[in-house]
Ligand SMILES: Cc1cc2nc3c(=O)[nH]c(=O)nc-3n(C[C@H](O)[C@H](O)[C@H](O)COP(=O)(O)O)c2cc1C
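First, one chain by itself: the form predicted on its own, in C-alpha cells.
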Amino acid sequence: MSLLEIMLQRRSIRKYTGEDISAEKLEKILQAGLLAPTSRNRKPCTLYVVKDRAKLEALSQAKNAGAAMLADCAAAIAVFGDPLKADTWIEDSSIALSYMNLMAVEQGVGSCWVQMHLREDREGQDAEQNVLEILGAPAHFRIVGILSLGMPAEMPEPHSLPDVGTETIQI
C-alpha cells in the first residue's frame, strides 16, 4: 500500500472484535511512534502501552465523552510529552500519534485518537491529570492523547480525494 492509500483508508475505528493484536503488529505501531520527528531531536515523548483491562476501563472514564472505546480496545498507547525536555511537546506528541495511527492502518489494526489535552471529565476535573494518575506517570508529564487499538469490528469506506473537501491555494 502506498502512503497515500494508507492515508485515504485511515478512519477512526471505535468498535473492535475483542481479538488480540499480535506482538509484531503492536511493535511496528510503536516503532512508528518512536520514528516520528521531534523538534531539534529532543525526543520528549514517552509511550505508555496499556493492556490492563482495569486501566483501560478507567481511561475510558478519564474525560467527559469520546473515550468509551478505550474500555473495549485490545491495547492503548498514551503519548506523554515532557515539557522539561521540549516546549514543542504538543507538536511532537501529535506527530507520534499520527505516525502510529497511519502504521495501524498499514497493519490492519483499527485505531482512534482520543484527545485528552484541554478536556475535562464529567465532574469538571482535568482529563490530563486523570490519565497521569491512572497510569502513574510523572507529575510534570503532559498528554495530548491516547491511541486506542483493536481489530476492527467494522470498516468504513476509505476517503476519496474529491471528498476530502480541503481547498488548496497555489500562489
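Given the structure is predicted, the values throughout are model-derived calculations rather than measurements. Quick note: we count residues from 1 along the sequence shown, nothing fancier.
Same protein, other form: the form predicted together with this ligand, not shown, and the subject of what follows.
Within 4.5 Å of this ligand in the predicted complex, a heavy atom is found for none of K28, A104 and M151. The shortest heavy atom separation between V131 and this ligand in the predicted complex exceeds 4.5 Å. Interface membership of K15, defined by any non-hydrogen atom within 4.5 Å of this ligand in the predicted complex, is ruled out. This ligand is not drawn, but in the predicted complex it has a heavy atom within 4.5 Å of Q115. Shown alone here, M69 lies within 4.5 Å of this ligand in the predicted complex, counting heavy atoms only. Here the chain stands by itself, but in the predicted complex one stretch of 132-140, 53-61, 40-48, 107-115, 107-115, has heavy atoms within 4.5 Å of this ligand.
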